[in-house]
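First come two forms of one protein chain, each written alone as structure tokens, so that there is a structure 1 and a structure 2.
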Structure 1
């Protein structure tokens, strides 16, 4: 199994204070890795460091090696943007309320455009929504191309964030997801789990690196525990299905309990 992403001796200091020290792990083809650890231990900071986001005041040492781009820490501005466009990254916070008159179509189309150079029409966006998110019981979409995310609930915004990346970058070699279930109700949490599972099944070579405090995801293959001393493999993983019931043999939730 070839590594898509390899992190070696990663140390991160924020304003000269050490946050993460000597962390090493890798994400291989077809692997779905859960990065776990206490709040504030530096999980999201590691994910942002992989994409070189929010670097102001951060001092990073070690290596972040991507199979296609080499050491991410030494990429120039143009190469870094190409690297970011190749990754399916879902960030922790949704800030659609601060984005003026933006529509669902813009969110989804622009994710696709940065990845492939082509944007999408309203009809194509609606087709994608229909393809990935089940309609409500009344037959209506949860949202459509013209909906304005600024007016969405927190859960709907989260669903849009996940959909916009998964639906437009299903062929990415690496998917990075930071807390996909924030603000979600049970139905949408199951939908998100199914969406991620589906894209992994469709693209079995994709590597997944995810942070979540919720253990409903049946497709996780390995868990890396992050502590103040570094990262290590969690031998005895546990899964929690008390909210959603058991997933089927392929890891999909089909029935709400």
Structure 2
């Protein structure tokens, strides 16, 4: 199994204060890795550092090796943008509340354009929504191309964030997800798990690195525990909790609408 991403002796200081020290792990083809650890231990900081985001006041040593781009820490300018656009990254926070008249089509189409250079029409956006998100019991979409995210509930905003990445980067070699279930109710949490699982099934060589405190994901293959002393494999096999019901043999939940 070839590694897509290798993190080697990674240490991170923020404003000269140590946060992460001597972290090493890899993400191989077809692996779905959960990065676990206590709140504030540095999990999200590691994900952002992989993509070289929010770097002010941050001092990083070690190596972050991507098989296509080499050491990410040495990239800048065009190469860094190319690397970022090759990753399906879902950040932890949704930022739609101040977007005013911006529509769903703008969000999804912009995400698609950043990855492929192609724009999407309203009809194409609605087709993507229908492909990935089950309709409500009354037959209506959860949202459509003309909906305004600034008016969405927290759960609807989260669903849009996940959809905008998954629907436009389904063939990425690496997916990085920071807390995909923030603000989601029972129905949409199951739907998000199903969406991620569908992408993995369709692209079996994709690697996944994810942070989540909710352990409902049947597709996780390995868990890496982060502590103040570094990172190590969690020897106990990852157990998917049944608080949202039982997934089937393929790892999918029944879609409640």
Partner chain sequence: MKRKTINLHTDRKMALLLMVLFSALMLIFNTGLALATNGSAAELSILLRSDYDYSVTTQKGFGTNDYYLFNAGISFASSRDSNMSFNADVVMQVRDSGYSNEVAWNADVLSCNGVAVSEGIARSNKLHIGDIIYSKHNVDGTIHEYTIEQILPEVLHVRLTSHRSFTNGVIVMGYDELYEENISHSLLTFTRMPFNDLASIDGMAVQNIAYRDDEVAFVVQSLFPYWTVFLLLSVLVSIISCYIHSKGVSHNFRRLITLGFERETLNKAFLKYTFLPGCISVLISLLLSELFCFTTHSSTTESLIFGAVAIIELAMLWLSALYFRGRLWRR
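Residue numbers count along the first chain shown, from 1. Rigid core (definition): largest C-alpha set, two forms, superposition within 1.5 Å. These figures come from a predicted structure and were not determined experimentally.
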Original post:
Given structures 1 and 2, which represents the form predicted alone?
Top reply: 2
Subject >> Rigid core fit then residue 123 CA moved by 2 Å or more between the two structures >> reply: no
**OP:** Superpose the two forms on their rigid core, then report whether the C-alpha of residue 137 is displaced by 2 angstroms or more between the two structures.
**Re:** no
Original post:
Rigid core fitted, then: does residue 150 show a CA shift of 2 angstroms or greater between the two structures?
Top reply: no
Subject >> residue 100: CA movement between the two structures [superposed on rigid core, Å] >> reply: 3.4
